[in-house]
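Heads up, the chain below is alone and in the form predicted alone; it's given as structure tokens.
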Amino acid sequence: MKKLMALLVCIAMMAVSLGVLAEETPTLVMATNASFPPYEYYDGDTIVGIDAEIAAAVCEKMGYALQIDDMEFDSIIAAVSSGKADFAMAGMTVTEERKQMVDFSDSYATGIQAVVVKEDSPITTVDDLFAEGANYTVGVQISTTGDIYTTSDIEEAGLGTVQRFPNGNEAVMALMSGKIDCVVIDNEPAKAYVAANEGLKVLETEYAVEDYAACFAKDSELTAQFNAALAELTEDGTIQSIIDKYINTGDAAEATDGEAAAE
């Protein structure tokens, strides 16, 4: 009987110990907009992609578990600033305007803003959007840098109209149906959308080149920790291997194809 009691006590102590260990692994909440392949998109019910994997690797290095919350892109900075999310990764470009509201990590990837058009489009280079007398309707994802650039360069300059969509997929569908003339979006999602939708192409000329980074609330202690972990993972090749995995395998095009078919 005494041996049985001793065994039960040991089991109870082990259970308590395991529970304490579990509680000691804190969770960081990452805000994203999961309609931006190959950086973040759904594979079934799971958010995957470059940002999702880099975030998981960095959080593990920092000693945290990761929770990813999907939301509209234009809600992300507010979520981080208010504490609803601990940080955000969403193919987010570092801009002076955003730096007024949040702090950014070191850059982990370089993005290119590209232009998607129909194969028979009269728009053959980016310069056509800025030509005298131009009057095109440009589709963008709301609050992205594509929105910021085209609002200034095209809409405010009187060279056309900017139509804003909740996500890139809806913008591409509007292009396919002839409601808009082109879509300005990051180059990797652009290539994925073109691969998934016959009759589209990406212009060879770039609209803009930009740096991607994670964002944090102003003066967050997590920024320095994130940068330290990111530097280690960059040095050992982990970050580049994640980027290469998604950009080279075509997984994002397959994901976008499924997304478009569901519309």
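Counting begins at 1, following the sequence as shown. Here the structure is a predicted model, which means the values were calculated and not measured.
The protein also exists as the form predicted together with glutamine (GLN); that form is not presented, and the subsequent description refers to it.
Participant: Tell me which stretch of 125 to 133, 143 to 151, 78 to 86, 157 to 165 has a heavy atom within 4.5 angstroms of glutamine (GLN) in the model of the complex.
Facilitator: Residues of 143 to 151 come within 4.5 Å of the partner.
Participant: Is there a heavy atom of Tyr193 no more than 4.5 Å from a heavy atom of glutamine (GLN) in the model of the complex?
Facilitator: Taking the distances in the model of the complex, the answer for Tyr193 is no, it never comes within 4.5 Å of glutamine (GLN).
Participant: Does the 4.5 Å heavy atom contact test between Tyr212 and glutamine (GLN) in the model of the complex come out positive?
Facilitator: So Tyr212 counts as contacting glutamine (GLN).
Participant: Given that glutamine (GLN) is not shown alongside this chain, does Phe216 nevertheless sit within 4.5 Å of it in the model of the complex, heavy atom to heavy atom?
Facilitator: Taking the distances in the model of the complex, the answer for Phe216 is no, it never comes within 4.5 Å of glutamine (GLN).
Participant: Do Gln113 and glutamine (GLN) share at least one heavy atom pair within 4.5 Å in the model of the complex?
Facilitator: Yes, Gln113 is a contact residue.
Participant: Suppose contact means a heavy atom within 4.5 Å; in the model of the complex, does that hold for all of Phe36, Phe73 and Asp186 with glutamine (GLN)?
Facilitator: Every listed residue reaches glutamine (GLN) in the model of the complex, so yes.
Participant: Among Val138, Val102, Met92, Val172, which has at least one heavy atom within 4.5 Å of glutamine (GLN) in the model of the complex?
Facilitator: By the 4.5 Å heavy-atom cutoff, the listed residue in contact is Met92.
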